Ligand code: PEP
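One chain comes next, on its own, written out as structure tokens in the form predicted alone.
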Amino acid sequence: MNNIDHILAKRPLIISGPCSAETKEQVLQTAIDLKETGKVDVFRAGIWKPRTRPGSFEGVGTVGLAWLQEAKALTGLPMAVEIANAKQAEEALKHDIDVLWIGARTTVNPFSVQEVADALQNVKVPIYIKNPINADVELWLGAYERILKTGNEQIGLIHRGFSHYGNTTYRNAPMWHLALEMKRRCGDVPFIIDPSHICGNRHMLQETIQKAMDLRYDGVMIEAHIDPDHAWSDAKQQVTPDGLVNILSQIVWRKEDIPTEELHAILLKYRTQINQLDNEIIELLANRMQLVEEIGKYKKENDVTILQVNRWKEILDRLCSKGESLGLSKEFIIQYFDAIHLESIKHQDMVMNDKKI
């Protein structure tokens, strides 16, 4: 295992640095200060910045890569940058950048991802892939598969949240269920959180990191700047190196492994009970669908529509009230029974239109 592989294997992995490389002095001082914290494993800085609207600061460009080289020489920290196309990938490699990552605005476009993949054929450099800006696991998975086909197995994933129209607590809604689905599909691929872009502010960083660690993420990519209030981009979400130390010191770094046989036995008892309940839920759902099909036969014989809006509203109101009295959230009840309702409609459609079930 070479040095960068050894560093990236650390758990939790901490990647930090400014949103944007602004000046040589800013990059070097931030790298030195982060190194001195003893908490940071990899230094990151944005060299090319894809902005939503023209006129915003879009990065210093290739000149900033030389600053990263100097920062690496001063601190010994590996360097990481975001790339969006083949030219940027080639420039980063020329300047001995240790880790690359594909940004959310690139992941959303398969043509752009393929261009990067073509530039990285047979190149053994670690590359992380952020989720696409829109809530689409298939696009994220497709980007992962395109990079995997280059022969590179040093691939990681970054959860940075998804664009969400309208008011939201987060800058980019985390949509944890989508990230966990991607995590499930990709198995043991390193999976890290980018709380800076999820939150869009400093005050929510700690709770977001904690949730990710509780869900067994492998590390954190967090933005840090020597003078965040005057940063040229994303000032509100960046912290000082000291602020980073303060946040990380309050995180409970949980382990997946069960430390003792006694605790393992306790968990096994509860998990056995859960497995039994899950089996019963599946059997109950199957019984419910049998009744749904009988109703479908009746509707077919009497030319009644599948969807009965008032009936569905009555069911949801009753179940939400019942669920909340038992400690279940209204949001969960609606999501759970919406899925059951859609499956019920599918079964009745098959019955009423003579399709195979």
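Just so you know, these numbers come straight off a predicted model, no measurement behind them. Just count from 1 along the sequence shown to find any residue number.
Missing here is the form predicted together with phosphoenolpyruvate (PEP); even so, the following discussion is about that form.
- Partner contact region in the predicted complex: 194 to 202, out of 282 to 290, 258 to 266, 108 to 116, 194 to 202, criterion any non-hydrogen atom within 4.5 Å of phosphoenolpyruvate (PEP).
- W101 belongs to the set of residues with a heavy atom inside 4.5 Å of phosphoenolpyruvate (PEP) in the predicted complex.
- Contact annotation for A21: none of its heavy atoms lies within 4.5 Å of phosphoenolpyruvate (PEP) in the predicted complex.
- With contact defined as any non-hydrogen atom lying within 4.5 angstroms of phosphoenolpyruvate (PEP) in the predicted complex, E82 is the only contacting residue in 64 to 100.
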